[in-house]
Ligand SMILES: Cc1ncc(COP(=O)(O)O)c(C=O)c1O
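Just one chain is shown here, as structure tokens, and it is the form predicted alone.
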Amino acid sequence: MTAVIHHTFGPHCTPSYIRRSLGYLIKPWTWQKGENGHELQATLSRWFEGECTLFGSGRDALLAILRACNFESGSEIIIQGFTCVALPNAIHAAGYTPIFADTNSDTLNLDLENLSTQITTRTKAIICQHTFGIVADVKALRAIADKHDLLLIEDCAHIIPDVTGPKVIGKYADAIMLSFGRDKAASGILGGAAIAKNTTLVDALANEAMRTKSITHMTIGKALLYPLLYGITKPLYGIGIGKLLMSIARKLGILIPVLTTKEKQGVQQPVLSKMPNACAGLVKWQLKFFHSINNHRRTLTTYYLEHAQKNNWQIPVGISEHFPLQKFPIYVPNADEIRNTLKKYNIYLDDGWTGATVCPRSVSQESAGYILGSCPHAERIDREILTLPTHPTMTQVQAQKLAKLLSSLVG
């Protein structure tokens, strides 16, 4: 039986992760209340040298940061093209206007020259996202922000540094957003964090946290069941049984959607949620051995990088083997065709980061505030990008199989 290769199919669901989630699942009295949240806050505060506040998701954490900034209504926040809909949605929900700057195809992050042309008297902040774990030029972004008296917010959903990681992550930011969704750098299945480096934001973020609502017991239970469900169905996916079980789970409402229909249409829930104790416990546990998780990502990044150079694949030149990439990007003119071909081999590489400037492709670009043609490099990237998995359940043997197949498909 051929094991499925997938970006979002339980990427953190190792046997030990499944056991840990089941440990919480069978103790529902620990789902919402406990000390895990306080301990995770303390760890992240030390890690990033700022004041950490937890929320029910990364998008809630970003909305809390934006509200804490207390800009006047309609203020402009610059983000990049080729981004997740969670960013413009949070900006709209805070009462501000997202302004899209183009993307540098060498880094998949903000194009600094184009960014500078988007700054107006209404601009109040810049958000950079370290796309797929490729570290943005935050020192240059800090200089631009200081020149124009802007705040710099870092979206670290795709990268959390460890003891040997890039020392610049979070160093120059006024605030940092982390997401602990099921396919992020670290996963609590649910959860997110806002870290204030600018002292003026600390009290305002604390006030936002006081207004959060608890996530329902039913939703937490579904989240904690997710690792077991994926652990059972993933080995059976290639013979059709796993696919059938997942379809049944969706119809029964057991699976929590990554994005709701309203979010795809540009609407974010205005009420912020609280991170459950059990989900905080999963993240806290992962961070204890996060260096090994990042080293696994570095190993696969290095392998893909060497293979790409050997086969003359077109890749962003900003990639380094030292980066614990969340996924490894290459450019091919027929990306969708290759993804469809790979499905015959039980390989599914559609991660949602393709086919749209504001991802995923099912998102209403107009509702997100994106104007077609305004970010031409980002639009080329979303057409041609193909990403390779580096997550904890992706093995080196699978990476070798994938690279070998790609060698025959990529010109």
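Quick caveat, the model's predicted, so the values are computed rather than measured. Numbering starts at 1 and follows the sequence shown.
Below, we turn to the form predicted in complex with this ligand, even though it does not appear here.
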key: Location of this ligand contact in the predicted complex, chosen stretch of 202-210, 276-284, 177-185, 231-239 [non-hydrogen atom, 4.5 Å]   = 177-185
request  = Could you work out which of 31, 370, 48, 353 is the residue within 4.5 angstroms of this ligand in the predicted complex, going by heavy atoms?
outcome  = 353
inquiry  = Exactly one residue in 222, 296, 158, 92 has a non-hydrogen atom within 4.5 Å of this ligand in the predicted complex; which is it?
reply    = 158
inquiry  = in the predicted complex, does residue 129 come within 4.5 Å of this ligand, counting heavy atoms only?
reply    = yes
task = Would you please decide whether residue 37 lies within 4.5 angstroms of this ligand in the predicted complex, comparing each non-hydrogen atom pair?
result = no
query = Even though this ligand is not shown here, does residue 41 get within 4.5 Å of it in the predicted complex, heavy atoms only?
reply = no
ask   = Is there a non-hydrogen atom of residue 84 within 4.5 angstroms of a non-hydrogen atom of this ligand in the predicted complex?
value = yes
inquiry  = Do any residues of 58-75 have a non-hydrogen atom within 4.5 angstroms of this ligand in the predicted complex? If so, which ones, in sequence order?
reply    = 58, 59
